[in-house]
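This document opens with one chain alone, in structure tokens, the form predicted alone.
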């Protein structure tokens, strides 16, 4: 897990200094970690579980901008306040770093600063991927692309890529992909009826025909 987090670039002495300022927090499912507009007084690294990030639109609708898992970083803020709300999807464990203290450490340890910049770049890449998903793809293409994204992310973390762990609700998936909850449910049913996927216990989706999922994700 450490290889995926902000700790990856640090030597033993730097790790010890970082451990001195961090606090391990455990948050139950469906709890708010921080809200959009709150003072950005801490950074977080997910060490277990799933966290969703979202913004509320002027008309009251919710746009989920990302689902974070082990190794992902959150809480980076350009200004003094958080630009989004973070809420747990499942019970989650996180390392909490007071912002002022980690800012001071980054002045001492350039490797940590570079690691954080790398993580910020990953956030930007994820945002670009979501923009593509929200573009001209059909509902079926979006759902297939979403399942492949989860599968590939699990593989990068050394987990099984299939079946795919999908802990988020249909409403969460809808708010991430720019669809209605009904459309998400209907699309999952269509893929299941076609024999492309099967739904398993424990919030898992077995991709029965990986080639078909890839083709549908690309609109073939």
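Residue numbers count along the first chain shown, from 1. If you're wondering where the values come from, they're calculated on a predicted model, not measured in any experiment.
What comes next is about the form predicted together with the DNA, which is not displayed.
Taking a 4.5 Å heavy atom cutoff to the DNA in the predicted complex, the contact residue among 83, 106, 149, 139 is 139.
Residue in contact with the DNA in the predicted complex (any heavy atom within 4.5 Å), chosen from 56, 194, 171, 40: 171. The DNA is not drawn, but in the predicted complex it has a heavy atom within 4.5 Å of residue 178.
At a distance threshold of 4.5 angstroms between non-hydrogen atoms, residue 63 is out of contact with the DNA in the predicted complex.
None of the heavy atoms of residue 157 is located within 4.5 Å of the DNA in the predicted complex. Proximity of residue 183 to the DNA in the predicted complex falls within the 4.5 Å heavy atom cutoff. Figure note: of the listed segments 149-157, 44-52, 183-191, 64-72, the one touching the DNA in the predicted complex, with heavy atoms no more than 4.5 Å away, is 183-191.
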